[in-house]
Structure formats: C-alpha cells, structure tokens
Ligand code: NAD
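Below sits a lone chain in structure tokens, taken as the form predicted on its own.
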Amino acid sequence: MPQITTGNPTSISLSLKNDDYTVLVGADLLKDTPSLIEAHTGIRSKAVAVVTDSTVGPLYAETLLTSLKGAGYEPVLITVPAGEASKSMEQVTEICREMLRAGLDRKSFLIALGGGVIGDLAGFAAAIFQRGIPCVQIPTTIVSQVDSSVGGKTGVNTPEGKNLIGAFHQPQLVIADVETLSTLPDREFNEGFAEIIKHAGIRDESLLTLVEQRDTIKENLIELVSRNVVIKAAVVEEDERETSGTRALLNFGHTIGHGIESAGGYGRFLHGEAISLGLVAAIRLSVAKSTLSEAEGERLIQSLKTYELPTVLESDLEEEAILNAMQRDKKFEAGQIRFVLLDKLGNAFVSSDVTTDEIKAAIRDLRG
C-alpha cells in the first residue's frame, strides 16, 4: 500500500517494481518546485524543458520559471495549443525538436505543467526523447491531479482512437498544487468529478460522502485529491502495467465513455463529460448484470448530476460511430469486450459477459 504522510504537503509514496516516487498534494507548492525536486528525486541536472499549454502557461509558467531560475536551473519553455487536439504524434515531434534546438540532451529532464493533455503529451515526449529522460508532473486540473498524473501512462490520440500510441513512463515526482484549481472554469472543475466518482464506485464508498458536500468541497481539496491519489496509487502498485487485471478496474465507465469521446470528435466533450456518460451506462449494466442495487446506482448518478455532468446522450451522436470507436480501444482483446462492472459500491470486477447487444442497448438507454 502507498505510504502516506499528512501535512502541507501531504506526501504519498508509491513503490513499484522498478520505480519509487512521491506524489505531493498541498497548497502554494509551485514556487517551491526546485526544493521539492531536490528533496524527492535523484535529478541533478539543471537543464529542463517546461512543457505547458496556451491556457495554463500565462497563468503559472512565470511563477515556475522564476523559481527554477532562482535555484540555478536553466529552463526552456515550450508552449503548445490548449486542447485535446494537441495530443498528437505531430505535437510530440515538435516538442522533441524544440528541445533539440534548445540544446537539451539525455541528461536533461522535463516538467509537464498542465492538465491531462499536457501530462500525457509531455510525458510521452519524455519517454522517447533521447530514449527516455526523467519527467516531473505538475498537474493543474482535477482530472490530472486525482488520476492521470499518477501511474505512468503517457500517450497520444489518433483518428482511430484515444491513447492508442504511448508508453509507460513513471514520473520522478508529482506536485499537485491545489491552488492551481482556483482558476479552472466551472465546466473544467466539474469534469474532474467523473474520475473521483469512478474511484468511489470501484474502491471507496465513503469517498461519496465527501463528494456529496458540494457547498464545501473547495475547502477540502487537499483531502479530496489525496484520497483519490491513494486509491489510484494502490491500484497502480498492484498492477503497474495492467497485466493481472486489477488496473483494468480503473476503466470503469471508460469503455463506452472513450467511444463517446472519440465519436464526438475531440473537443465536443471534455474527457470527464464523456466518462460521465460512460459511467451512467456502466452503472445501469451493473444493476442489470450484477448485484449493484438500484439505490446504489442512483446515488452514483446523482453525484454526477450534482457536478452538472451529463447523464443523457444527445441524439445526434450515432450509435455505430460509438461502437466503431470502442472496437479500436485497448479494452478489447481479440475482439472480446472487457467490461468493468460493480457488484456493490466500492467493489468492481472485470466481466467478459457483457455482449455487444447489451452495450448497444445501454447506449440507446443513455438517450433517455
């Protein structure tokens, strides 16, 4: 199990087969990045690429660059356009070329400053630049702080599907500064709760009690993020590279959710919005196919509604497009669907007993 030390920051330590690293969760951490890197990693190079996007960069890059320069680092800022469309091989190539033009080499390291798109994109660039350099993740959204920055999955999208090209590349350190969440628009803040509600569903029913306190949730962000990181870290420790099946439980709601996200064209749905719809479908299938009670399922769906996440699919998104996107997803093996269901709140399992016809019915049911 991950080792947890409370405080500011709260420290959560992961111990993997070949990598040990720490996730720090606290307030006002960005300015202390150099000292945190020095205290929690073996990185000694002063040459660093800071990869961010056109939304996050103007808000937080200056604070980070000033702290790095003050500690003797030589940062190179690389800014990509904000949005899911930047998760492409073309953008990875451009990041790597900018690093080369700036004189960075295999002894340098990379800092990913941004949400899930930047974490995946920059993490993948770090995995392949000079055959791999260290990466520090500084996630700035709910989704990335509670989920995508932890676990080492990096990658990009293709027209055929989401995250189909990538690599496992564990970060050396994750710095989750909850102050960066204060500038999120409501829609981006709310979308992260799809992943939080997923975690509650698969591992920790008691987390829902915190989630349901909508009026005070922003006062409890350190606890909220920390509890989710512990859940994600525990699953990653059990099954780092998704070989035993445990890590597949994190895909609850993602089989149909990723299909919706892909079929809608990247940009129509935020990631958490598509996953919310996938969660509703998976919850209803869990009630129909397993032992999840209707009351438990409705509690999860109501939590999604509390954060203004979609629970009804718009009629213009074609069922066939969603199914085609799903069949290219990594959650299919030799054409066999691996679908995550709940048997009760806090306990999930992978089923091979969900048929294509049942998935089609679940998508139709999403239309209300």
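Owing to the predicted nature of the structure, the values given are computational and were not obtained by experimental measurement. For every residue, the number given is its place in the sequence shown, counted from 1.
The same protein has a further form, the form predicted in complex with the ligand, not shown here; the description that follows concerns it.
Using a 4.5 angstroms limit between non-hydrogen atoms, Gly116 touches the ligand in the predicted bound form. Using a 4.5 angstroms limit between non-hydrogen atoms, Glu84 touches the ligand in the predicted bound form. Shown alone here, Tyr307 lies farther than 4.5 Å from the ligand in the predicted bound form, counting heavy atoms only. The closest non-hydrogen atom of Ser226 lies beyond 4.5 Å of the ligand in the predicted bound form.
For the ligand in the predicted bound form, the listed stretch (278-286, 293-301, 158-166, 124-132) containing residues with heavy atoms inside 4.5 Å is 158-166. Note on contacts: among Ala102, Leu184, Ile217, Ile222, the single residue with a heavy atom within 4.5 Å of the ligand in the predicted bound form is Leu184.
For the options Thr79, Ser148, Ser108, Gln170, the one in contact with the ligand in the predicted bound form, meaning a heavy atom within 4.5 Å, is Ser148. Taking a 4.5 Å heavy atom cutoff to the ligand in the predicted bound form, the contacting residues in 47-82 are Asp53, Thr55, Val56, Leu59, Tyr60, Ala82.
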